[in-house]
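Shown here is one chain on its own, the form predicted on its own, set out as structure tokens.
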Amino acid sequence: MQLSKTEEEIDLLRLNNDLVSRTLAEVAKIIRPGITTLELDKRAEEFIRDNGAEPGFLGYNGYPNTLCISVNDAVVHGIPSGYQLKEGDIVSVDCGTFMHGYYGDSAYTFPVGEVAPEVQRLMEVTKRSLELGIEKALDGLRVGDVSYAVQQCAEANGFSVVRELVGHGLGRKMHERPEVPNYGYKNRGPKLVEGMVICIEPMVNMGAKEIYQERDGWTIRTRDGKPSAHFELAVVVRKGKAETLSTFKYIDEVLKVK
């Protein structure tokens, strides 16, 4: 199976990932204490459909909503509900789109109002670990080089990385090869080739790395109940410097205005 994408395919993936990025910025506009996670979900679905796409997660393996919204000790795959966000919460919002036969996928962890300094640091380190992972998404390197960069950044700052959940290839399917773990060794794993599109998504815990799945069959939580942060971008493996398809720039514009 050819894992590299043509430039035409990358153009369609770029369209999807730009829409995902703009959808997360729409969510950023309304995140505040008192809003429910279901209200965030409804806004995202409206925006995606208004822009000619379908929610990528809705119905995916039976998933019931547009967004995965994971608050505090929820790592990923939290189901939107009537839960009202509170001052000091952190909330991972993971979003997917499907348009022109391809998927988009990105995630961002938002603070709700003022958060504790150590929680703010967890978010900053997780985002930084993503940036360092992206720097290794280069033609000729290996998946393990990405994984190692993420793990080193998280653990050097006293945090832990989730082992059971991974990043992935992206294309006509939401989850394609190769898997991209957030821990590993340099120069190990599948070789990265020009034109491969992968989602790098560090899931970093404040406490221990152990997790469990709730009875709802979806929500993943930290076993020790401490907060977890999650950031994800889709990138194209290139020579010299990776190309990011999804972006946090729209979110940054919103959060600076607020």
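In case it trips you up, residue 1 is the first one in the sequence shown, and so on. It should be emphasised that the depicted structure is a prediction, and the values quoted were computed from it without experimental measurement.
The same protein also has a form predicted in complex with a small molecule, omitted here; what follows describes it.
Relative to the small molecule in the model of the complex, residues 22, 46 and 98 are all farther than 4.5 Å at every heavy atom.
For the chain shown alone, residue 168 is a contact residue for the small molecule in the model of the complex, at least one non-hydrogen atom being within 4.5 angstroms. Under a 4.5 angstroms non-hydrogen atom cutoff, the small molecule in the model of the complex has residue 232 among its neighbouring residues. Contact between residue 174 and the small molecule in the model of the complex is found at the 4.5 Å heavy atom cutoff. Mapping the unseen interface onto this chain, residue 94 counts among the residues with a heavy atom inside 4.5 Å of the small molecule in the model of the complex.
Stretch-level contact check against the small molecule in the model of the complex with heavy atoms at 4.5 Å: of 187 to 195, 58 to 66, 36 to 44, 208 to 216, the positive one is 58 to 66.
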